[in-house]
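Consider the single chain below, provided in structure tokens and representing the form predicted on its own.
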Amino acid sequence: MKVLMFGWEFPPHITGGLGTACYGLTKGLAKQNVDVIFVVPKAYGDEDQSAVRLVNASDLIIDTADTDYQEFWKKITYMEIGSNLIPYVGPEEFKRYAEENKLDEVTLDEKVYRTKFTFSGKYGKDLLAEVSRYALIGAGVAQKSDFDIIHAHDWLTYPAGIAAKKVTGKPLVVHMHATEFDRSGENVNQEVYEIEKKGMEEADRVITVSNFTRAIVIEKYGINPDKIFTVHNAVDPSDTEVGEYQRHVKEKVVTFLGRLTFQKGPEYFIEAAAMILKRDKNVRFVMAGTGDMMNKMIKRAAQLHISSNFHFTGFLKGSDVDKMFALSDVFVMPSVSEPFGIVPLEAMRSNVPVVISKQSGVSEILKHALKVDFWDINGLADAIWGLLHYDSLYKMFIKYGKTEVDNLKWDNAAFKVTEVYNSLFK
């Protein structure tokens, strides 16, 4: 079986869990004898292509006089809007990015029709215009490629998937890793919502990363439940030994690692930290990540007079993440709405016990994790306290948690995805 797959990022160039999930899934599919052509807006040349053939959309040349392109473009003019949108960054941080000239310089009046597009591959200025151009490239790749199924990951690539389906008639599978309701709560970006809804309506199958997300797709988007299938994410076994790092502090370390946005619930972590520090000063709390709530969180830590025991590291990736886990005694993910949540699996893989919110997809599959409602600060504080102060509980969650997460393999997720593929031909 051959699959034409559209994604927006691929390791090592990632900003969150989406690229990691795409990488793990494609490696698992390779073991299922599925050939994957993976299209990204911009390839850097250092991606691992052992399991996929990576196509750089920035290298492709198209014939804009082709009637198929023109016919398709008429059908997706709803995408042709200008927007300074970065999916994982809120208004406050966006303003800071703009002031620091970190956004890509793309002129808003640039014509969509060109024989060749150069994509930034980032979540930068005029993102929706890039999504539109990427859809046009998607149609071109589809016309020239041999494949059986189209698979598009998240809203950024849904228009490309629709384009490929329209020009080839091949079945389309869309993968919902996170909905606009997860990212924004009830204050959804209407353009993004419409893209998500259109993608799922046009798809022959929809894959969600949890039953939690599946329920949102049915309730908020009105998608037919019969074509929605849940395939939980997984985590690769660590190929590096956890090193011995000198902590330089005698206190226990509790870590939050994720985007500092509404979705991730960083404020609940800070409030729980304050409650614990009233009872025990021998604990340090680390908030690793960036986002539009960062300044607010720094101010709140100062208001609660816990700054001397609270640390903000900024964004961590690669070996720095491994090091942070090696220095941690407890990992906490208090997400308000988490479609899945791969980071707790990475923490457990590193022998760190975890506390997660019940409002997360990963809570559906984990047995050896403490689970609380995101809004229950008392429950969150008690769970962290228990792991820090009851040695037998701490050791039990490390022992059985590591075994549990080692059995959550991408090979199993890939097998379930191939079953979804096969259902299209029955």
Partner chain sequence: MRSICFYFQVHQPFRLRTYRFFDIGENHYYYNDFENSHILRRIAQRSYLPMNDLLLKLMKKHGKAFKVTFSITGTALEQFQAYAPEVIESFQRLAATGNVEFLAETYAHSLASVKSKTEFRKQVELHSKKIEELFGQKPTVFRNTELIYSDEIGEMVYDLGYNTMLTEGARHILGWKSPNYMYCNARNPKLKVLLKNYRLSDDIAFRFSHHGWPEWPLTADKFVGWLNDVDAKEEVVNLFMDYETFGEHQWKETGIFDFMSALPGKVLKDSPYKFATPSELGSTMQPVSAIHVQHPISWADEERDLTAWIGNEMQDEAIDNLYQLEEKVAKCSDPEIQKDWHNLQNSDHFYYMCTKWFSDGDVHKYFNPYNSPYEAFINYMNVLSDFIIRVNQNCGAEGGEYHKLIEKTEELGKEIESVARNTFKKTAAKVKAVFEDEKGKTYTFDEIKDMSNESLKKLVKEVDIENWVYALKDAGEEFTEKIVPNFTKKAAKEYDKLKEEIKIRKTDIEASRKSISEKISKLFS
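Residue numbers count along the first chain shown, from 1. Quantities reported herein were computed from a predicted structural model and do not represent experimental measurements.
One more form of this protein exists, namely the form predicted in complex with its partner chain; it is left out here, but the text below deals with it.
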Please determine, with the chain shown alone, which of 202-210, 318-326, 182-190, 270-278 has non-hydrogen atoms within 4.5 Å of its partner chain in the predicted complex.
270-278
I'd like to know if residue 30 sits close to its partner chain in the predicted complex, meaning any non-hydrogen atom pair within 4.5 angstroms.
no
Any of the heavy atoms of residue 38 lying within 4.5 Å of its partner chain in the predicted complex?
no
How about residue 396: is it within 4.5 Å of its partner chain in the predicted complex, going by heavy atoms?
yes
Find out whether any non-hydrogen atom of residue 364 is located within 4.5 angstroms of its partner chain in the predicted complex, and reply yes or no.
no
Does anything in 377-415 come within 4.5 Å of its partner chain in the predicted complex by heavy atoms, and if so which residues, in order?
378, 379, 381, 382, 383, 385, 386, 390, 391, 392, 393, 396, 397, 399, 400
